[in-house]
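Shown here is one chain on its own, the form predicted alone, set out as structure tokens.
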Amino acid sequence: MTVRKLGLALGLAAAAGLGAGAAQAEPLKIGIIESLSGSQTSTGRLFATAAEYVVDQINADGGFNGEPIEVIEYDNAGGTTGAADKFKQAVADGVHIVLQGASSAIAGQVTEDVRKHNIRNPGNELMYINLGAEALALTGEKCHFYQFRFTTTAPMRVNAMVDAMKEAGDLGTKVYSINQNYSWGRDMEDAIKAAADRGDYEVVDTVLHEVNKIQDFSPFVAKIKDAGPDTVMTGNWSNDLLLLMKAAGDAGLDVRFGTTFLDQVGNIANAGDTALGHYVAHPYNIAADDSDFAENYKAATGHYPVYIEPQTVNAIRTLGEALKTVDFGGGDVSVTEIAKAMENASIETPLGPITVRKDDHQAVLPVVVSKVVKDPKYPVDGTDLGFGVVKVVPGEDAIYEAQESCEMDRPS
């Protein structure tokens, strides 16, 4: 566990003025329960870096409740057991808000821990901000008042991708669905089937496979080839995406891929020219942002914002806007009041506004559809490849109806 009072030097300068009348101020504590060791470390570290980037700015502006916001990192070691253990530690440390993003399975553990804690401890609630876990169940049957999600879901990504690929003439009339056999992959398969009429295509076949256990995708590629699709849509990530695309390239499979995580760091470096011309639907593309955010982020962190970092920045920026509307006068922090403020918070981004839907606490945010091109303005992974913007879908067009399974009990 590491503890940081981010922007401490600047924060202390500001707190010196604030602290004169607020000696007993309770600092807001944010716990990042993320994969900070193991195979998903690179992704977990990106969530933490992006969150701390914004908290640093809030602290530089004076912090909150008369104190710098504290950020405490907890390593869940990439598993639900580790997340449950670290959640208990976070509670013991007095954390008010939990951040997490990598893995819907871990998100399910964290949000359930938060829900149970709040039932057992009225008046001492915690809030969970989901930065990247996209399983629909999290804002469906698992929804609750103290959980907020600031990333997309399968319907948001698939619908945007279908619209953009159809408009570009790259979708075709036959689509093959291949996904990982867990909540996210099943959500993707459902979304691909549901979008068939929207895209005027036939789903020629579907397959669900084990997660990150398959080393040779050639048998799957052979089945895809037999089905004769124009486009293969997949929510696969990490090695499952790379090995699938590599096997397709080795077999000379002439299809277009419509993906959701091709922008994960390292994917383009591994795929090389095999990735050229394939699509990704994601919450952000640096090439679509004409503000100074990218350069400021690089100055602070040493690299341009990538993958899940921008959505994390936007989530914490929204929290920052919510904090501006509550005032605890240097006394105790009320998480319930912060959660109520989050429902009404919004931010403007160069890609469009981001708001929170009260029905299920799903963020309404833009979706960008991009295509891998050569010699872009912002090359990735040390290659000459990057993501060219095809279409930016506004949040109000990308969002779907709240699920009926979300039955949210609201505090009075």
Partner chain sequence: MEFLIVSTLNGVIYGLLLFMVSSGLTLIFGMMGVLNFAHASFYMVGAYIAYTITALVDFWVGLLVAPILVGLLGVLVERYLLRRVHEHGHAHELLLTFGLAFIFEELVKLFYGDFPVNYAMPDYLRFPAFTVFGTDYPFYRIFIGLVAVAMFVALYLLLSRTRAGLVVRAAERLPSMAEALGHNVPLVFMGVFGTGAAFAGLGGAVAGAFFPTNPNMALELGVIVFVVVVVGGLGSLEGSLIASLMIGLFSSFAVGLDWSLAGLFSLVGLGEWARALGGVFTLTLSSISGTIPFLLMLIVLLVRPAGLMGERN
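No experiment lies behind these values; they were computed from the predicted model shown. Residue numbers count along the first chain shown, from 1.
One more form of this protein exists, namely the form predicted in complex with the partner chain; it is left out here, but the text below deals with it.
Checking Gly331, Gly228, Gly277, Gly266 for any heavy atom within 4.5 Å of the partner chain in the predicted complex turns up a single hit: Gly266. This chain appears without its partner; in the predicted complex, the one residue of Val369, Leu28, Leu46, Leu351 with a heavy atom within 4.5 Å of the partner chain is Leu46. Segments offered: 59-67, 339-347, 38-46, 360-368. Contacting the partner chain in the predicted complex at heavy atom distances within 4.5 Å is 38-46. Mapping the unseen interface onto this chain, Tyr297 falls outside it, with no heavy atom inside 4.5 Å of the partner chain in the predicted complex. Residue contact check for Pro219: one or more of its heavy atoms lie within 4.5 Å of the partner chain in the predicted complex. Contact check for Asn181: a non-hydrogen atom falls within 4.5 Å of the partner chain in the predicted complex. Residue contact check for Lys213: one or more of its heavy atoms lie within 4.5 Å of the partner chain in the predicted complex. Shown here without the partner chain, the chain has Asn239, Leu242, Leu243, Lys246, Asp250, Ala251, Gly252 in 230-262 lying with a heavy atom within 4.5 Å of that partner in the predicted complex.
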